[in-house]
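Take a look at this single chain, the form predicted alone, given in structure tokens.
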């Protein structure tokens, strides 16, 4: 069980991981992969001090290697849920499960408003992870809304266990509505009805308040205080998920503050 789990492998999360390691804490960084990062896609970064003209890919790679060299652990996957568990937290990452003493959320920009019916049917036909929940839908008709690089692979997994999969990518449909009664019975995609018993929404990340129910937001961003503490004790946040400006320097600084606050929280809890 690491002292901290950092959800998000961008500049804020990696900065937090480095600070945690410098203070002698164990940390696991959960990352869906560099290619999904907005920074990774930047051809040139001109406003990060000391590294003019560096590509986003090279900057992110250097930060990742630095954190790993200092002893941070990296877990590739998408965190789909987190919750308080006794004196710590539990985090589901695909089919894996992590326990941690505290959480630092560096999940990037919020995914925006959920689709109609998404929140209502979460856990009753709506899932964010095929490998986690797929076995419950064997031989059933399901829809996969593929909004991340791993979506096609997860859809293939569902087919391999006997699901009848209706696959949607960004080119096939833009607007969705999930309907049902006690459970999901229908997906409306661009006005066309598809009878399904489950809907897998596969994004690069999950909106913060869907990832961790009860988390307070403000204007779509995670609400934090000056110590980067969120509304749930033991949870901290940093980077783009806390609001503008969306800058690497701001993310790195907030990651450092969040980690220092997490260290204080962990030390107080132990005493």
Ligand SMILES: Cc1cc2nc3c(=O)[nH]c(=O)nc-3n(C[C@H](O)[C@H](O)[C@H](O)COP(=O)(O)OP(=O)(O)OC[C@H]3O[C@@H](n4cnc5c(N)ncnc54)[C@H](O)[C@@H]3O)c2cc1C
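Residue numbers count along the first chain shown, from 1. Since the structure is predicted, the reported quantities are computational estimates derived from the model, not experimental observations.
There is another form of this protein, the form predicted in complex with the named molecule, and it is not shown here; the text below is about that form.
Let me know the one among 42, 51, 62, 221 whose heavy atoms come within 4.5 Å of the named molecule in the predicted bound form, would you?
-> In short, 42.
May I ask you to state whether residue 37 is within 4.5 Å of the named molecule in the predicted bound form, using heavy atom distances?
-> Although the named molecule is absent here, residue 37 would touch it in the predicted bound form, with heavy atoms inside 4.5 Å.
Find out whether any non-hydrogen atom of residue 134 is located within 4.5 angstroms of the named molecule in the predicted bound form, and reply yes or no.
-> No, no contact at 4.5 Å.
Answer with yes or no whether residue 12 is in contact with the named molecule in the predicted bound form, where contact means some heavy atom within 4.5 Å.
-> Yes.
Considering only heavy atoms, tell me if residue 238 and the named molecule come within 4.5 Å of each other in the predicted bound form.
-> Residue-level check for residue 238: yes, a contact with the named molecule.
Are 17, 72 and 227 jointly within 4.5 Å of the named molecule in the predicted bound form, each by at least one heavy atom?
-> No, the whole trio is out of contact, none within 4.5 Å by any heavy atom.
Determine which one of 169-177, 190-198, 73-81, 154-162 lies within 4.5 Å of the named molecule in the predicted bound form, judging by heavy atom distances; exactly one does.
-> Stretch with heavy atoms near the partner: 73-81.
Let me know which residues along 170-208 have a heavy atom within 4.5 Å of the named molecule in the predicted bound form, or say none if there are none.
-> Read in sequence order, the residues that approach the named molecule (within 4.5 Å, in the predicted bound form) are 204, 205, 206.
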